[in-house]
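Just the one chain here, laid out as structure tokens, in the form predicted alone.
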């Protein structure tokens, strides 16, 4: 049975099965990935997945069910499971949405998934070759990955709403090992793109290899408070970790450090954090959320002031406000939650060298580890192992390792004194967060 016919048939039959309102949600993905090891493809995957969920309102209770099969028998199973699920649920404030007045249609798909597979393999082989020929100290490439995907969401409901959106993205991810004597170092680099022409192979390799070999001779430093520059990828990871504190659900449950801070100053005046579903470089571009609410550009924090939390329909109703269109399903199997679309720190106009020149002495943080165990999204506290460089008078003096940076996310936001222009989005998984490098007045740095 065709999926569209299946979805319409499911909705039609739900009416005669005691569901006052109902919705069918389709989640689909197409994935392509190759991994290279010394000119040989040692991993190749290409797959296509579809998943569908049904939501129905029965006696003021919302029942859920889902399936990856699309035949006539599945329709009865879905309705039966949703009805049983509704009967054991407490009364739920979720609703089937009738639709927004206007939707801003955007072109979200470029066709990167369908582009020539041989050209994608050639790109990866060229990068691998350039890495090995660039420096004799490069001894191995741990990961040499090309991947792309096309994803999509479709919503049909009993109130006449019909929405469909497709998205695509590609990335390369390379991890290398460098060795000088007994000193062994690793470095990783990635790039997101929607066209193979966007990848500058020479520049990519140059930056990756430099990051590896520049670490030779790294040592720890004395513990103290230091001015710090958090590189773009580092701040992306920190922002991703603490983004859940901007969810209205967590605020309502008392699990957010932003509770009670609406319309108050929570960051430096130069800090603006945006949630932008239309962002051209964003991983999650869409004109509607997973409940069917029209997407909205919003400055969550604008010039240091907290302007809004992120809402779905349920949490918006509880606070007596409009949804910010951040209702989200991680898959067809999940219930409605809250998530950013493309959340990023607005970039500044300063070059990275200008950030370095800001301080007489500064620690540049290139990488952090332990965000899952060393960061508390409720309190905002973090303590993370890190590596990077010590710079004095605008010049890098030496690489540093075996250090720990610690602080609090709110204080960090308030202590940002300069923002770079080297903006970057994170990888899929972290792909809907972005930032440039930031200069911070001070952080606690523990060393040897």
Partner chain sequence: MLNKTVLEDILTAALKNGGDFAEVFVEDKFSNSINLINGEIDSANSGIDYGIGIRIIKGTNEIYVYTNNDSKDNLIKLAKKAAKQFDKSNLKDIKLRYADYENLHNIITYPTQVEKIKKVKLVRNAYQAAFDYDDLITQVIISLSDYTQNVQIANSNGVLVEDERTRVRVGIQSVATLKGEKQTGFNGPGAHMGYEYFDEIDLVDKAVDASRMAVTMIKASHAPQGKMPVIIDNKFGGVIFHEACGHGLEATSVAKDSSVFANKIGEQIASNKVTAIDDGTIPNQWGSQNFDDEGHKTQRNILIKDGILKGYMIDYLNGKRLKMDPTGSGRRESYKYSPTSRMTNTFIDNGEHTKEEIIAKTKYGLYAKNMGGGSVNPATGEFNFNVREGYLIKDGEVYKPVRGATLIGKGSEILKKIDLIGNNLDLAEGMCGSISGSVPAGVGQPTIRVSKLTVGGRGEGK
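What you see is a predicted model, and the numbers here were worked out from it, not measured in a lab. Residue numbers count along the first chain shown, from 1. Whichever C-alpha set is largest while still superposing within 1.5 Å between the two forms counts as the rigid core.
The next section is about a form of this same protein that is not shown, the form predicted together with the partner chain.
Checking 262, 321, 89, 196 against the partner chain in the model of the complex, a heavy atom within 4.5 Å turns up for just one residue: 89.
For the residues 398, 392, 69, 59, the 4.5 Å heavy atom test against the partner chain in the model of the complex is passed only by 69. The partner is not drawn, yet in the model of the complex one stretch among 271 to 279, 254 to 262, 150 to 158, 202 to 210 has residues with heavy atoms inside 4.5 Å of the partner chain: 254 to 262. Highlighted residues 116, 348 and 413: none comes within 4.5 Å of the partner chain in the model of the complex, counting any heavy atom. Taking the partner from elsewhere, residue 446 is found to have a heavy atom lying within 4.5 Å of the partner chain in the model of the complex. Under a 4.5 angstroms non-hydrogen atom cutoff, the partner chain in the model of the complex has residue 372 among its neighbouring residues. Residue 403 belongs to the set of residues with a heavy atom inside 4.5 Å of the partner chain in the model of the complex. At the 4.5 Å threshold, heavy atoms of residue 85 reach the partner chain in the model of the complex. Contact residues in stretch 39 to 66 (any heavy atom within 4.5 Å of the partner chain, taken in the model of the complex) are 40, 41, 42, 43, 44, 45, 46, 47, 48, 49, 50, 64, 65, 66. Residue 81 shows a C-alpha shift of 2 Å or greater between this form and the one not shown [criterion: core-superposed Cα displacement of 2 Å].
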